[in-house]
Structures are given as structure tokens and as C-alpha cells.
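So this first bit is one chain, no partners, the form predicted on its own, shown in C-alpha cells.
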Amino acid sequence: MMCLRPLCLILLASCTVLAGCSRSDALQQILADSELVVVSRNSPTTYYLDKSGAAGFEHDLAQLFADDLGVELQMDTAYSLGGIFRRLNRKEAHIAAAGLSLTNARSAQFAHSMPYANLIPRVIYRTGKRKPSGLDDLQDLQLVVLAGSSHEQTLQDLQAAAWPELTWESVRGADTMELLERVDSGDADIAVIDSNEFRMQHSLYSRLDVAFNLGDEQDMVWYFPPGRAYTTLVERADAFLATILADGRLTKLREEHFGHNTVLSRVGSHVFARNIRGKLPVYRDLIRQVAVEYKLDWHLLAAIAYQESHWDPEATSHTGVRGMMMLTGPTAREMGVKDRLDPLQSLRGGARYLKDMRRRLPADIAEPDRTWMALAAYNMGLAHLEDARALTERRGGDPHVWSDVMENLPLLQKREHYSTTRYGYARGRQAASFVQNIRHYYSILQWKDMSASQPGQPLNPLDFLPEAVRNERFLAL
């Protein structure tokens, strides 16, 4: 009998260890395993794969947190909003980072981080049809919304409160592209999506617009699995988010991914969509050939050519610039271009000129800012760019950061500022728009190819998807 006592003690000790493991601290386990598992959704505003690997705003934010912890990041994908939270509930991921808004229902079940962004629910309709002006106008319209979204919960609350006739279709999935496509094609009258999603995708759905806001601004947060084991992980995530908000890294990250969102006219968006289908196939192989020759991403070169000429090799302006890349006579001669109307020569001249601008910039300007500034120099000249950088530094900004320089470029058109520079007046506002438009076009072209290469990713019938949010991974140098 005495031999049973040590056995009982061993069993008791084992149970204690197992119980301790079941209540173990998630943060300590992450550090011990050297791996942070984050579940997201595949979309241009969150997480996707490009030729360089994982990309997207939520991916890069999670990567910063993983780096802060000193662990590897593993990004997993769920293809519906409900799937994201099921993964959390089963503790198959440490964090859900997917552009998720803070709601009472979600926070009652899952822990969440401090807010790191804000968004507004928008009611989207197709222009040319009756524009709904409020909730009373929705009751006789076909409304679509993502299943499991905060918007679906809002509609349920409204229906129970005062609008019992309100109906909608809940669409399974995790990307709002299908909602916008249904409204654009006439298969639905209206959709409810977040403001950031619509801003990213609006350019390819030029006939769609905002009817009104469905409620107030909402906070965007990370969610964590339920249980006390995740308390310290939430606290560590909050401290991390507070730090990068205070030191400017969060603002910079948002600018890198979303700063290129320019507001194009509906006509401009429609023309771009038409040209992608009609003109780009004619010159795609030629653009790719030149991009390989000069070690550039062909999407970037195509975006520059579209901004310059709408892919028209015979384009000519009143100032005398000509060709697909709209080269001036002196620049063409400097780049060895004999015939500016020859598309191959023009593309080669433009690519060579961009590479020359990049090479001549100070060595301490890093990507992607280096290329955005090279594009500004491509448009306005390197001397004026240096004036803008000097103004930026003088006014307390960072002359190595594109967003700071871009903010000061318009000052080159104001006498009080350009009179203090070495090279004087320049059309700085035009140069800033030039760069931002190219970033916009580049992102759309890149996302088209990336989405087409990912099995299971739904495609727009127009055969391309909205603009990507990754802008720095395009130089294969």
C-alpha cells in the first residue's frame, strides 16, 4: 500500500502541471514557441500575397507586432467574417486582424485591443437611380451586406427597433467586392460597407456613390480568443499600438498603404477601367519587356505610361512632349531616344530616366519614398525636388519621407516660399498629384495580377480588382 502514495503524488503533480498548462499565459506561450498566429481575410485592405510574399496593411501591422515580440509571424486566412471568429473561439489563432469594427456583441465574447483606426458604415447606391436619403428609403430596396459583419448586426437592431419592414440579403464571404459588383450590375440596389473599403474600391466602380452614413464612426480593433490566458497578450498589444501611434510608425504605415488613394472623377475611373480592357493588352508584353530590361516592376512602368499618355504612343501635348512616356525633346536626346513616337523607344527612355532620377537622389532615402521622390523629379526636375526637400526640413518635416515632402510641394507655387529656394517657382501641386495618381494606378494593376494568381480568390467580371495597398515591393533590384 505504501507504494501507492508516491504514485498518487506523481499523479497529483501531473494534474497540477496539466492544469497549469491549461491556464498558461498565451503571451508566454507565444514567446516560447517563437510564433504569433494571426487570422485575417484576403482583401486589398487587409492581407494578400504579392510576388514578394505577404502584403497588406493588417499584415504589415501584425508583422511590426511580431518583430516587437521577437517572434515569427504566421498569417492564416479565413474566407468569411464568421470563420475569423470561429478560429478565435477554437483558439486556433492568437489575434484576429482583419479591419474589424468594435461592437458590443463581439466585445461581450472576445477581448479586443485599443482602437488603431476609425471607419464609418456607408450606404452605397448606383448613381442614376433614386438616391436613398435615410432609413425610411431602404425598406423597398434590395440591400446586400456581409454575413457576420457589424453592419448586419446594425440592421438587425434597426429592424427590431423601428423598421420592421427592413430586409436584406447576407452574403457569405469576407470581401466587399462582391457587394459592390452586385450594386454596380443592378443585381442589388444598395450595399452597406465600411468607408475605408469603399474608398479603396471606388475607382473601379465609378457609377457607385455614397447615399448616406449608416450610423456613427466606429473603432477598428484587433480581437483575441476568450479567456484570462490572453490578458497579458492584450496588454502587450495595447502597449505596442500606443507606442507606434505616438512615434508616428502607425501614421506612416497608413500612408504607405492608403496614402495613394486619390479621388478620381467618375469619368476618369471609367476611362481607366476601359483602357485596362482595351489598350493595355496591346502594349502589355512590350511594357514587360522594358521592365525586365531595366529591373522595374512592369505594373509601375505601366502606371507611369498611363498617367503620361493613357497608353497612347502618339500622344502629343501643347508643350511639345510626345509619345507614350511623354518625353521632352532634350530628355529624349539625353536618354538616346531617336523617335519619341516609337513605343519601345519611349518606354525605354522613360524607364532609363526614372532609374537615373532614383540613382541621383541622396543615398539615405529609403524605399518606397525613394521611388515616389524619383517620380516627382521625373515630373518637375530634380532641382525643384531638392528645393521641396529643403523646404520640408526647414518647416520641421523629414526630407527623406515622401508624405512630408509631398505636403510641402505645393509651397513651390507660393511666392513667399519659392522666393526662398534656389531654383524658384515650380508646379509642385501638379508633381504631387502626378505621383499619387501613379501610385493609384500601379496599385490597381498590381492587385489585378496578385488576385488572379491566388486560387479561390473571387475575380471581378471586369477581370481586375481594386487597388492594392502594398506600394513598396515593386523594384526587383
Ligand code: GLU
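The structure displayed is predicted, hence computed values, not measured ones. Residues carry their position along the shown sequence, with the first being 1.
In what follows, reference is made to the form predicted together with ligand GLU, a form of this protein that is not presented.
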Inset, instruction - Determine which one of 397 to 405, 207 to 215, 191 to 199, 300 to 308 lies within 4.5 Å of ligand GLU in the predicted bound form, judging by heavy atom distances; exactly one does. - result: 191 to 199
Legend entry - Three-residue site G99, R106 and L119 fully in contact with ligand GLU in the predicted bound form at 4.5 Å by heavy atom: yes
Inset, instruction - Answer yes if any heavy atom of S346 is within 4.5 Å of a heavy atom of ligand GLU in the predicted bound form; otherwise answer no. - result: no
Legend entry - T371 within 4.5 Å of ligand GLU in the predicted bound form, heavy atoms: no
Inset, instruction - Using a 4.5 Å heavy atom cut-off, state whether S113 contacts ligand GLU in the predicted bound form. - result: no
Legend entry - Interface membership of L81, ligand GLU in the predicted bound form, 4.5 Å heavy atom rule: yes
Legend entry - Interface residue in the predicted bound form among N379, S149, T77, T392, criterion: non-hydrogen atom within 4.5 angstroms of ligand GLU: S149
